[in-house]
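What follows is a single chain, given as structure tokens, in the form predicted on its own.
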């Protein structure tokens, strides 16, 4: 006889619902049994472990959800179309004037201007006024607006409902993680289908025979005792032979242990550690890194703003003046800059540090050449949490300064991080783009379960970053996700396991020092 009295109510209800040779998935349980997605996954896991159900199929369904920004654009038009229509009504407007009239962020206006300028639809006068030069809007812009209007009816478009041209178009602007001001967010749902096994069917029959409904009471409460309801209640079976609690001594958290080990290793290689505050201003968080003030990554959807105080009192000189000139016209760097009016009020706005590179910028003001510096720092950036992304994360950030440092030295450092610190066996380097480095390189590693993913970015700081801060020699820079390195090193499959409240994982997982 199969023992069914100790089954969880969720398991009992699913078994009573399931039919032999009939598929079951999460959608069925949510609709028929009012389970939430977490209860579905947990119940499937329990019953699979008992061999009561078996997996039949597993497919990935891709869809595109209209974001709040997308809903607004579907109703009132994309920023690029609104900008085009405005300039048709009133030519020769500056970007700040356009931003005020259309009530758009500087980043949205800058991006829209860049798109139209790329297609030679608009241009800029010598006094920074935008004007129309061509009335022929590209077909892809018009088609994208049609897709937005189409998506507005039900907010979500399934990939299977699009033709190939529409798929290519929507993929070019949809974001998989933090949607930011993108009109579409990519949603990937894994649909797993199960069926009852013969053992599961026998368990179902036994449940019915014993009249177990899943509604049995599991906890005897004071209310049940005082009201007398316990007399006619049906209770779940108690496991009198359950093992007693273990006595386990304390031990270090494996991830904290790993971070200490990484720091020790870098110090042993001659690096000097730096650190800084969690709250930074826009100047050091982006402006000093030659990131334009209208850059999309500086939007409220990607960076956490500090409410009070919202702005710092002042920015250190001569760095403020040097950086402002570099943004406007290149200053003394030999660059043409970004060709816009630097906003001295915006640069004082306070944010939670969104990238470790901000500390490298700080360090350039007092660094020695030659010199090697690093930090392991906590960063905060809005993101969709999944197996390899978090809303806050650790980066290991560093710079190497010297007259003779070069790209070959940087590749050697990246190889050391990927193989020795992350423990990856397969590594590849991919060209990248960052406003503050040229050339720019991304390093990717292959996880045995998660496959290839980006470990982080690196490159050689541009003169527009180093010269305004007083550095003349070349500077190698990198910012790598130490959370992701820990995934490989500690043998995990999900970043969230690093910060789990499941104490058992800390008790049983070996830390880095034990491993080495």
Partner chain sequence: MPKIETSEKLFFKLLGKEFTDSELENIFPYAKAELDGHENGTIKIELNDTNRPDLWSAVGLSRLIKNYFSQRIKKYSFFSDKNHSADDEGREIVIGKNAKNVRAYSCGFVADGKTVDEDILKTLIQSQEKLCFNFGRKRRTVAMGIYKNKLINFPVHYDGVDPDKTHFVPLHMDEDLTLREICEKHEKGREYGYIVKDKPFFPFLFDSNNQALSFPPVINSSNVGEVEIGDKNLFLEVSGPNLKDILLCANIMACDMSDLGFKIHPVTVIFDEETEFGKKITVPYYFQDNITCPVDLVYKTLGEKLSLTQIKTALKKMGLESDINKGIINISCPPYRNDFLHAVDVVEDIMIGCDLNSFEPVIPKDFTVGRLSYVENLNRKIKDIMIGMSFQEMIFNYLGSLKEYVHNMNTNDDKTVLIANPMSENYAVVRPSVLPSLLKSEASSLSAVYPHRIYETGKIVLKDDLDNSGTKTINSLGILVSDRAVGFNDINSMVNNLMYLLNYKYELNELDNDTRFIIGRCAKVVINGVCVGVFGEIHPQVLENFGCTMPTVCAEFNLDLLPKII
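All figures in this text were calculated on a predicted structure; none of them were measured in a lab. Residue numbers count along the first chain shown, from 1.
The form predicted in complex with the partner chain is left out here; the points below concern that form.
K.L.:
Spot the stretch among 166-174, 306-314, 113-121, 143-151 with residues whose non-hydrogen atoms come within 4.5 Å of the partner chain in the predicted bound form.
P.N.:
It is 306-314 that comes within 4.5 Å of the partner.
K.L.:
Which one of 392, 328, 343, 206 is close to the partner chain in the predicted bound form, taking close to mean a heavy atom within 4.5 Å?
P.N.:
That would be 392.
K.L.:
Taking 4.5 Å between heavy atoms as the contact cutoff, choose which of 191, 237, 385, 133 touches the partner chain in the predicted bound form.
P.N.:
Flagged contact: 385.
K.L.:
Looking at the partner chain in the predicted bound form, do all three of 65, 94 and 320 come within 4.5 Å of it through at least one heavy atom?
P.N.:
No, the whole trio is out of contact, none within 4.5 Å by any heavy atom.
K.L.:
Is it the case that residue 492, even though its partner is missing from this view, gets within 4.5 Å of the partner chain in the predicted bound form, heavy atoms only?
P.N.:
The answer is no: residue 492 has no heavy atom within 4.5 Å of the partner chain.
K.L.:
Is residue 90 close to the partner chain in the predicted bound form, meaning a heavy atom pair under 4.5 Å apart or at it?
P.N.:
No.
K.L.:
Would residue 256 sit within 4.5 Å of the partner chain in the predicted bound form, counting heavy atoms only?
P.N.:
The answer is yes: residue 256 has a heavy atom within 4.5 Å of the partner chain.
K.L.:
Can you work out whether residue 504 and the partner chain are in contact in the predicted bound form, taking contact to mean some heavy atom pair no more than 4.5 Å apart?
P.N.:
Heavy-atom contact with the partner chain at 4.5 Å: present for residue 504.
K.L.:
Within 351-371, which residues have a heavy atom closer than or equal to 4.5 Å from the partner chain in the predicted bound form?
P.N.:
Counting only heavy atoms within 4.5 Å of the partner chain in the predicted bound form, the contacting residues of 351-371 are 352, 370, 371.
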